[in-house]
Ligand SMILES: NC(=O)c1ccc[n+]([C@@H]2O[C@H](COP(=O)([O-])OP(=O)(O)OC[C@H]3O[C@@H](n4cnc5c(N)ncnc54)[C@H](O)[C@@H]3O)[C@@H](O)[C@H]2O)c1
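The chain below stands alone and is given in structure tokens; this is the form predicted alone.
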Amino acid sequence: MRLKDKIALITGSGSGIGEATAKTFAREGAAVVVVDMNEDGGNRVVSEIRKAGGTAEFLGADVGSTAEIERMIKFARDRFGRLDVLHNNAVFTTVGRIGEITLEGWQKTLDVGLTAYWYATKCALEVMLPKGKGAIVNTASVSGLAGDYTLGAYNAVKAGVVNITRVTGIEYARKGIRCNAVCPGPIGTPPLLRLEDARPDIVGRIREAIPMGRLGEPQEIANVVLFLASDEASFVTGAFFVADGGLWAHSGMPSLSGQGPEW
């Protein structure tokens, strides 16, 4: 088991990538703190982990609040005595062209998707540093490496996540704390699947833009997070790992020969 006897906290783990990661961590021997605003989803994930023989606790919390972040780190420490792995994964975004985004939407996107990652890291470091060991994994995105139409706030936040990962990685490298990020492409999480039901034409174009021709599965991202959280990645810090079916590798230029991804 790659996370045997580790204590892990995962935000936004009531569904999607966070759920897959929580279940994967538990299968690999970790005791998992599932944190989500969605109590039904969070309790379901904990119940399923326990039924499979794993250890998990649920805490309902809004990571857009610094007080709630403090509470979740304290919960993990009080319940299990320490914290070995933090996976910052929760997200919120507003949609619109840069000139049309509201101040409120922009601020909430930053609060949940960037400030929360920094503050949870700050609080987790206070617990990890005395032990001289720990792993932090941030969910960034290929959208933090390039721009997307009408996702300017999300692009800014995920770019920030990539760089705060680098800074945390280098600043705490000699303290035994590693920090890395995963950059998923389009993944079949509930929001994207709901969009597919409502606008199959949009999601169809997204699938076509991915060289592999499909959406990623949450488990495929959880597998990367597991590696980064485990001792197998003991010499990896300040790095980001792209898992996007080849999307970021493509320049976006149409084929000059007329030959595309299928042949």
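Everything numeric in this text was worked out from a predicted model, so none of it was measured. Heads up: residue numbers just count along the shown sequence, starting at 1.
Although it is not shown, the form predicted together with this ligand is what the next lines describe.
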Could you tell me if P190 has a non-hydrogen atom within 4.5 Å of this ligand in the predicted bound form?
yes
Can Y154 be called a contact residue for this ligand in the predicted bound form at 4.5 Å between heavy atoms?
yes
Would G64 sit within 4.5 Å of this ligand in the predicted bound form, counting heavy atoms only?
yes
Given that this ligand is not shown alongside this chain, does Q219 nevertheless sit within 4.5 Å of it in the predicted bound form, heavy atom to heavy atom?
no
Even though this ligand is not shown here, does it sit in the predicted bound form so that L83, G134 and S230 each have a heavy atom within 4.5 Å?
no
M37, A209, L195, V236 - the one with a heavy atom within 4.5 Å of this ligand in the predicted bound form:
M37
The one residue among A181, A76, A124, V91 placing a heavy atom within 4.5 Å of this ligand in the predicted bound form is V91
Quick one: which of 138-146, 125-133, 97-105, 167-175 gets within 4.5 Å of this ligand in the predicted bound form, going by heavy atoms?
138-146
